[in-house]
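Next up is one chain by itself, shown in structure tokens, the form predicted alone.
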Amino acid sequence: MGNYLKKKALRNIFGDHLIYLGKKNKKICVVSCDLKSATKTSGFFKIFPKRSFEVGIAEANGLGVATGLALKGFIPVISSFGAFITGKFLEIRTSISYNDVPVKIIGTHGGFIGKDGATQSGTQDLSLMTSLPNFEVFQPCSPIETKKILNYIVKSKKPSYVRICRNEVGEVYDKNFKFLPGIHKELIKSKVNVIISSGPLIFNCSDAIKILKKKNIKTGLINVNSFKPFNFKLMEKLLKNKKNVLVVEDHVSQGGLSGLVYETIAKSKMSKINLKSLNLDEKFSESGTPNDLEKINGFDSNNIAKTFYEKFKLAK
């Protein structure tokens, strides 16, 4: 695992890298829904005012504007809280998905977002977006992964949804990391036990694995950055001969990471795997700091480790 010392919020990485991409490609434009400051697109607005469009508190209208821009050959990036933008499902489905228009939707504040409020925390967004034909759906866990995914989507001819967290996180990759859609990354290898996660929880899972190691329970870690396309064959290969698998996600399991892993096992008939999940089924996130919310809901490193050895009866 990489550098924990220089933690950065991925929404800030998004905003800064968007400016970099805007300088390289004049077709990139940004649509804001009265959240320039929160989604960190205000810098793009200042540098490229003629390529910036503020629609106000009107995500549905913004999606229509972005669709029109894409149909005219531009590369529109529309940003809002993931909970808000995916809430305009009809407009995304009918205008963008149905017509296969390459609009780039950035949903910030996914998972445990902080004190903004429970209703502003996106915990069902991946489920909605992976259900749509033509869409590609990604979630980065680190600054480098965020930049590489953004590099990819602005060149892609497909509509995209990128779920970006508010949390400050470290790094797991070096600058030579290559992002390819559908390719899961085995960050820590292990023969028997493995945790599968995505986004900022990768770091909590990594710390949990260190705790488990002290109990002589060696555990691997798989990072899923691509929910659609999702490479079932690769996941099957990574899980081959594994015994205990725990999926950790700040999202509901239906249409989320747990569902994809369960589907992998069902398709491959790997019936000997003990699969458990830690998620937010039948629950909304509360309002509070990300660290407090993770602890309350059992997603901090100590609780993830405890969940692992208790669910698989490995406690000593």
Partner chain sequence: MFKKNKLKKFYSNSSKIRLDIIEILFKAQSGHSGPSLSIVEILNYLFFQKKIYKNFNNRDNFVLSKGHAVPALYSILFNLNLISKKNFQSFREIGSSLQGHPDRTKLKYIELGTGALGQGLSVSIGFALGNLMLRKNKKSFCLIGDGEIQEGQIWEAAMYAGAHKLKDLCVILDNNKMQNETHTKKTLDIMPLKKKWEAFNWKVLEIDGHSYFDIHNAFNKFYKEKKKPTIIIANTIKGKGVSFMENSAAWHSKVLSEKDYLIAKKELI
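None of these values were measured; they are calculated from a predicted model. Numbering follows the first chain given and starts at 1.
Only in words, not in the display: the form predicted together with its partner chain, which the text now covers.
- Comparing 216-224, 240-248, 159-167, 87-95 against its partner chain in the model of the complex, the single stretch with non-hydrogen atoms within 4.5 angstroms of it is 87-95.
- Here the marked residues I273, D281 and Y309 all miss its partner chain in the model of the complex; none has a heavy atom within 4.5 angstroms.
- This chain is drawn without its partner chain; in the model of the complex, the residue among S268, N61, S287, S253 with a heavy atom within 4.5 Å of it is N61.
- The contact with its partner chain in the model of the complex, taken as any heavy atom within 4.5 Å, belongs to V101 out of L187, I211, I144, V101.
- Among residues of the shown chain, F45 is not one whose heavy atoms approach its partner chain to within 4.5 Å in the model of the complex.
- For F74, a non-hydrogen atom is located within 4.5 Å of its partner chain in the model of the complex, even though that partner is not displayed.
- A residue is said to contact a partner when one of its heavy atoms sits within 4.5 Å of a partner heavy atom; V55 meets this definition for its partner chain in the model of the complex.
- Within this chain, T67 lines the site of its partner chain in the model of the complex, having a heavy atom no more than 4.5 Å away.
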